[in-house]
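Let's start with one chain on its own, the form predicted on its own, as structure tokens.
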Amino acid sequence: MATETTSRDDFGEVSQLRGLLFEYLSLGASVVGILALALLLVYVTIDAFGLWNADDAWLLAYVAAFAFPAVGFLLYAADDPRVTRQSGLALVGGLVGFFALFRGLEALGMGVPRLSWPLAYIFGVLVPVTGYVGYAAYQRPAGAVGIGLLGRVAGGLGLAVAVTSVFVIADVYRWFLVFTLGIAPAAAIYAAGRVRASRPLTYLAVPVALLGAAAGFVLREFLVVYPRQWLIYALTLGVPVAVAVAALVWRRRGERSAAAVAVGLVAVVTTLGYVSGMVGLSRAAVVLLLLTVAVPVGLQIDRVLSHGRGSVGLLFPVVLVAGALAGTVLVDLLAATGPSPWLDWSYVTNPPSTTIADDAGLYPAIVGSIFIITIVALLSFALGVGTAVFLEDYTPDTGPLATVTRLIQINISNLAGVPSVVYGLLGLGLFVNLLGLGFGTVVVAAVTLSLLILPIVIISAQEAIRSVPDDMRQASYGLGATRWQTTKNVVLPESLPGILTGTILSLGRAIGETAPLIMIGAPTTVFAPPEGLLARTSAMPMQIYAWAALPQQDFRYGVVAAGVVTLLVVLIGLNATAILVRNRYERSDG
């Protein structure tokens, strides 16, 4: 065996010391890099939420009333003595250690800028331990239920924000016409075709949808009378959600329960939407939150109660809410001063300001980024996967066409390493100057960023398609399937998790790019969200770049930090959604 000899001709002399040094050097480099990034994110978070202004008593009150009970519940859900022992030692030892460290530094006349010992304890011990305990708890039914419930609440809120952003851009009244004239009739025709097993009827749904959508776009220019917005939400979103929920309930509880749930859901949404306006709440917001948050949470609770596993996890949100209320009471009793956050509700709903930091907001840039990245995802996924399928499964291995294919492949590989600023210049010359699509418009920004990530999407999709065993293709051909049927039913489903992984990483790069947007003339500051594909728009990186150049300290640190955290939250939300979709395909595949 190779390990029993001191040297080999092909590997040279074997040295355990060199291998050991290489291992520890690699580990050290990884740790230093992770710690540097973590420290940067900690300072950005502290600046964004103004935590350095908070009293130590305020921080410790919420740690005691909110964080410790939450960790305790997760430890109970994890039901692992080893995890409990390790976490308890880390929490108590970290508390004593950071207190002693900072007191010792103060005695020596030294200090860590903008960082107190409770903040160091929260970010250095409490957050990592909570993540560790949460992971352990997620492996058990109770923890999975509790964390899953919170995930549905967070995902529902994100979906509500995304729907609102789309309606701001795409015009809710145009959506109402497209749904009423195109989508609803097409869905009804398709359902009738499936019930009657009539293929012509199902094929008719597509032209009906297209014609109805076109009619909706035309009629929008002439019609001036429409239902109220919350009623449009209840009709165009509430009815499809009720149908989807009824389908789920049908499988669990039968036909009668499904019909009752569908009718009841529409009635509840309509009634609460009407009543909420009478007490001063936004009817549209109430309807959206009911559909995006309450419905998923209700389905989760129903499933847990019907299965009878992990029902204790349903108490996790109760523990969090009770902890937050107890922390508020404790802070009032202590009369402790809280933080002065830059990142609050007004920050994400206000237009930007370049003169008064307290009035600065990121709303137009958030909407612009979401709109741009949505188009980028659609374009890059369709073009990238289509190109990858063609290159892998539809090009010959020999002959002149194979030579051309190899040249194309080499160029795609080279394009993946081209600097982003070059793509910005390409977008400026091609889409702005040649095609005249306008400086800094939504369509130009989206197409330019799509070109930027397209080579990466193609290469990752090719690797995923190439990893599908050839035996599966041959088995499909052996059963008489055509090449297209094999691609659609065998290759793409098998390679979809890998394709989605590459697309997720590419979108993460696209949403943070600034150089291409500068080259195509995207404005650094706009005061309203875009209202169409040809409207000029900014994006979150552009707005952050503009604030960072201002001389005021409040802009350069507080407002910029809040923008960075917002950008990270949007990025994590997009990635989390894509990862959930990918994992769902992986599970269904298994």
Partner chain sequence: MTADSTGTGTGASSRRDVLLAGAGLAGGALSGCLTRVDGDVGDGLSGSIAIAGSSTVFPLMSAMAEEFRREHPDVSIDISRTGSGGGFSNFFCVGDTDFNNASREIQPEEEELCASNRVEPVEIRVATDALTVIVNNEAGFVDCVTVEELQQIWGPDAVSRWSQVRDDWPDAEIQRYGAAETSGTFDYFSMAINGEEGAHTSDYQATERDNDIVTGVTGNQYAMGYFGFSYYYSNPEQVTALQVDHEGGGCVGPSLDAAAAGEYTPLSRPLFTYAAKDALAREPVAEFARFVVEQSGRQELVADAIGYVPLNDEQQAEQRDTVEKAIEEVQQ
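Numbering follows the first chain given and starts at 1. The shown structure was predicted, so the numbers you read here are calculated from the model rather than taken from an experiment.
If you look for the form predicted together with its partner chain, you will not find it shown, but the lines that follow are about it.
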{"item": "4.5 Å heavy atom contact, P352 and its partner chain in the predicted complex", "value": "yes"}
{"item": "Close approach of R228 to its partner chain in the predicted complex, 4.5 Å, heavy atom", "value": "yes"}
{"item": "Contact label in the predicted complex: F167 to its partner chain, heavy atom within 4.5 Å", "value": "no"}
{"item": "Contact test in the predicted complex: F49 vs its partner chain, heavy atoms, 4.5 Å", "value": "no"}
{"item": "Non-hydrogen atom within 4.5 Å of its partner chain in the predicted complex for each of L428, M519 and A546", "value": "yes"}
{"item": "One residue of V83, L115, A416, L235 in contact with its partner chain, assessed in the predicted complex (non-hydrogen atom, 4.5 angstroms)", "value": "L235"}
{"item": "Contacting member of R473, R220, R140, R152, with respect to its partner chain in the predicted complex [4.5 Å, heavy atom]", "value": "R220"}
{"item": "Among 526 to 534, 22 to 30, 36 to 44, 53 to 61, the region lying within 4.5 Å of its partner chain in the predicted complex by heavy atom distance", "value": "526 to 534"}
{"item": "Residues in 255 to 281 with any heavy atom within 4.5 Å of its partner chain in the predicted complex", "value": "E255, A259, A262, V263, V266, T270, Y274"}
